[in-house]
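Below you will find one chain, with nothing else, as structure tokens; this is the form predicted on its own, and questions on how it binds or moves follow later.
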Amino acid sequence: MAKRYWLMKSEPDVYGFDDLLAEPNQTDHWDGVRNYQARNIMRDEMKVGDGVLFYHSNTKPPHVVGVAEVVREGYPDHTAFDSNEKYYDAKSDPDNPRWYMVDIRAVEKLPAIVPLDQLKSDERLVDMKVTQRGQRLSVQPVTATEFQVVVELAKANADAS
């Protein structure tokens, strides 16, 4: 199966790309997703080796900050089973899990951020989900071309500064 690409959103004050870089082996689980469409993507579609654009949301400006890769395919989100966890869900059960997660590993911090406004203004990214009005999903598919364009924009932004 061909490699796929994704954009994963996180609030930098909750869990930012630097937090991922600080993890052992720069690897961590992507827990706490409580949207069924995003859950289905992680459970059913994300595969080891898939590329990830790490996106900081709820910040000014929102932006792509790094590249990661999927290193473990979807498995039950254990934080849903523990009442002491932030993402506890009383309706989720280990025998019938409601929520799933994947593990990702940092590949590189981009040399410069790529702000959302820049993504929206680049005609090559007009169909990219994150640029679409009302697109709030925390895990989104990205085409190989979109992925490459974002990485190129980060390099161009670094060269321009």
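No experiment lies behind these values; they were computed from the predicted model shown. Throughout, we count residues from 1 along the sequence that is shown.
What comes next is about the form predicted together with the DNA, which is not displayed.
Trainee: Taking the partner as it appears in the predicted bound form, which of 44-52, 106-114, 29-37, 64-72 has residues with heavy atoms within 4.5 Å of the DNA?
Mentor: Of the stretches listed, the one contacting the partner is 29-37.
Trainee: Given that the partner is absent here, does G134 sit within 4.5 Å of the DNA in the predicted bound form, heavy atoms only?
Mentor: Within the cut-off, so yes.
Trainee: Taking heavy atoms and a 4.5 Å cut-off, does S57 contact the DNA in the predicted bound form?
Mentor: Flag for S57 set to yes.
Trainee: Considering only heavy atoms, tell me if R124 and the DNA come within 4.5 Å of each other in the predicted bound form.
Mentor: It does not: once the DNA is placed as it appears in the predicted bound form, R124 has no heavy atom within 4.5 Å of it.
Trainee: Does any part of K120 reach within 4.5 Å of the DNA in the predicted bound form? Heavy atoms only, please.
Mentor: K120 belongs to the contact set for the DNA.
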